[in-house]
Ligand code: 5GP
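Next up: a single chain in structure tokens, the form predicted on its own.
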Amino acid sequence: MENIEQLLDFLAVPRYIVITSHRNPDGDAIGSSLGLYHFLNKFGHTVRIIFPSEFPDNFGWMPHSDNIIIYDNDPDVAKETVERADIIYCLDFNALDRIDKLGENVADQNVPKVLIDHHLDPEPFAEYELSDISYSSTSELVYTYIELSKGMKELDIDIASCLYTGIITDTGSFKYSTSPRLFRVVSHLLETGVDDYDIQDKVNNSYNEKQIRLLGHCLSHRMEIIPEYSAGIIVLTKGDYEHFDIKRGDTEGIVNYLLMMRNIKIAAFITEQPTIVKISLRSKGDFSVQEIASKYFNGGGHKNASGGYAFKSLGWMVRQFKKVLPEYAEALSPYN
């Protein structure tokens, strides 16, 4: 991060700090935000977290998660909080439109902004930027931010537990985006007293009966395999949403089940929303779905995990995904 000393000088006196992250916050968005929240609180700052929308229940155990302001639920409180900010931290997103209407409020504030993120091609809206796609997660980058701030002595079990949660969710419990650097970070987090088993259990073993039945429905009735392109698709219709009363977080992780098949290299999870159709893409190895998401589906993300959307029909989205596959035939060939 350039100008870190200038930023630290600004933070040498107590400030009113706002931390925000992207819509539909996942474990990394929540973990990195709360980890930074606990760290900054130690220096006498007043810190608030704002998310555009609610987060999944299986992260509600995280310390002080109940203090997070949700824009969808309290837009006036969220706007007033942003307007009070002396400085705004933007975590786990690379463009202000990723935080929806909240992005307009953030852009309007003539205060320093700090971007901490690991996505490609960040937009130049922040005065301070810690952005690196080689990192597993924004939570790992927040750990680096703490290092750069010379604050490692402040690393306690609350900070470490939040960052650890973000790391395990964005790496799929260390299945991808790993590095020797990451495991050194994780080792240090565990040394603070982080209970790996307890966090893994809370994050990964919190399905309810409806979610298990929904998963069974997806695999039994909504899955299509395209063997010539090593591809798999799961589709959910508006009718499925009504029948299973699907709420935010109920479909988390379903797309990953396609990649459990040996010969599947690319997986698509397509959902029909009230006014939009969304696509989540996952891949194995060196095959990048980020290019497909950005080129064809108004989206983006990471090499092995990206997403997009279209204001089209569900059928159009399925046909468009299938239409794209031949362009990558050589890379997706089951013989490669």
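A residue's number is simply how far along the shown sequence it sits, counting from 1. What you are looking at is a predicted structure, and each value in this text was computed from that prediction instead of being measured.
FYI, the form predicted together with the ligand isn't displayed, but the following is about it.
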| item | value |
| --- | --- |
| Sole residue of Tyr309, Trp61, Tyr296, Phe287 within 4.5 Å of the ligand in the predicted complex, by heavy atom | Tyr309 |
| Thr271, heavy atom within 4.5 angstroms of the ligand in the predicted complex | no |
| Distance check, Pro52 to the ligand in the predicted complex, heavy atom within 4.5 Å | no |
| Partner contact for Gly301 in the predicted complex: the ligand, 4.5 angstroms, heavy atom | yes |
| 4.5 Å heavy atom contact, His119 to the ligand in the predicted complex | yes |
| Segment assignment from 276 to 284, 61 to 69, 44 to 52, 31 to 39: heavy atom within 4.5 Å of the ligand in the predicted complex | 276 to 284 |
